[in-house]
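Heads up, the chain below is alone and in the form predicted on its own; it's given as structure tokens.
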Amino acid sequence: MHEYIQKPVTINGIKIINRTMVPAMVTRLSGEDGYVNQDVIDRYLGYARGNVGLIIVEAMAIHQSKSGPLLRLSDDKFIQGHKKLTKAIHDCSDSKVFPQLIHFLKVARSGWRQTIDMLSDDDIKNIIRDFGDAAARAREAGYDGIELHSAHAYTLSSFLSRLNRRRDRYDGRSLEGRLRMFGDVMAEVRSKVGDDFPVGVRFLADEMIKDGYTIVDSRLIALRMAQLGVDYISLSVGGKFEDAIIKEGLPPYPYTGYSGERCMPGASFPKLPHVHYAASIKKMINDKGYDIPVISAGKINNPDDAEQLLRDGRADMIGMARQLLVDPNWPKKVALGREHDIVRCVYCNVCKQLDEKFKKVTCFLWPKDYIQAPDYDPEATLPVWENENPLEAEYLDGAVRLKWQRASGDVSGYDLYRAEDGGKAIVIEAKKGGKFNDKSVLGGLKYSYYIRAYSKSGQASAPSNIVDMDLPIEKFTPQ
């Protein structure tokens, strides 16, 4: 069962125990000083105890300028804290851990932002040097490899963009010009860490903005990265400044526009909206003779879906940021055959909203006031329905209004299941309380509902009673 998820994979000599990866996801757990603290260590230990194969630690600044509550690797003084983090992970699991190294340009509360065409030749030389120095510090700190952040709104991605306005060696009017900054950084990093240290990259398969690049370019960008010797390619989309919604008194946040919604697709998007990108890029580089892992991400949380992507050769690894935030024990539960214990992400994007407000990133589905995911106890007692028919429903004003009596025992929340016209029941929402209005229904269809209470560990109760709703088609009359 799920044998492809369990298969190890090798990245430049480093054995990854399974095909799961948690992409870099900002936690806001570090203070303004940028040091590793115990809360940061505890967050990543959760992934290690959950048997995540490859842990990418949140983007950490490589430069000296002010960067807010983000981790840093911009000075030797930060190395000791990172050593504590890597040792804690290696002492408790066989998971491998890489830091994501980021450089970003200045932004202001006025809405102004620095762009790459404002950088001098000396600025660029310093950025290249800073990437190399940070990579060397990462190796000294005990990381198993590094990831270069070449995605979203940040510096390396801006050089790759079709909106690159430079007119020098890094000329944005040609693909080769757009690729040179990454090539220079890659050469500098290799000179500092050697050929035997894994260096991966995360970049955009599609910028998701007007006049930005698409899969047509990203297939070639990925090929060049393989030619330059990257050891894996992790894919994302969107998250750009160009379509960000500017709010007065706040610096631009690149995940507020359409490209940001595509980067972290919410509940209104279908599952697996981006898997075709990884499949196309993997085929491209494999056909050209490069056999490095390509990592697919974006609303992948069902083990069966992940297994099928790997089995079909459409990806080499599966990246899950929000799903592994809510339940870092996903890989362990899959390995134990306890898929029903997984706490499923419902893509409400509360975590994204917390990041935007520079608050500690937690999950809405965790128990109240938790700043880390609950531990997994396979022997925990299941919640129990005290009433034989706890779920009730009525159709009113175009919505199915559900309410239910609470279950007893260790209850953290409730998963709501819905089937349409006799199809497969899927989770449509998770709630803490005892009611929910389903406003995404259409008259003329039959819907079936049931709920399951789940514990902090993810163990679910038996299904509640099933409620069938045969919705009428609204009648219209001439005006």
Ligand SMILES: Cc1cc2nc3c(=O)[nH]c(=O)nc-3n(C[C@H](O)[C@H](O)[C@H](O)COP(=O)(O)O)c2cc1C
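Please read these numbers as outputs of a predicted model, since none were measured by experiment. So that there is no doubt, residue numbering starts at 1 and follows the sequence shown.
Beyond what is shown, the protein has a form predicted in complex with this ligand; the following relates to that form.
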property: Contact stretch among 257-265, 305-313, 221-229, 107-115 - heavy atom within 4.5 Å of this ligand in the predicted complex; result: 257-265
property: Of 188, 355, 171, 392, the one that lies within 4.5 Å of this ligand in the predicted complex (heavy atoms); result: 355
property: Contact residue in the predicted complex, from 407, 326, 361, 208 (heavy atom within 4.5 Å of this ligand); result: 361
property: Candidate spot 59, 100 and 299, all three touching this ligand in the predicted complex (heavy atom, 4.5 Å); result: yes
property: Distance check, residue 24 to this ligand in the predicted complex, heavy atom within 4.5 Å; result: yes
property: Residue 240 within 4.5 Å of this ligand in the predicted complex, heavy atoms; result: no
property: Proximity of residue 182 to this ligand in the predicted complex, heavy atoms at 4.5 Å; result: no
property: Partner proximity in the predicted complex: residue 159 to this ligand, non-hydrogen atom cutoff 4.5 Å; result: no
property: Those residues of 137-164 which, in the predicted complex, come within 4.5 Å of this ligand by heavy atom; result: 149, 152
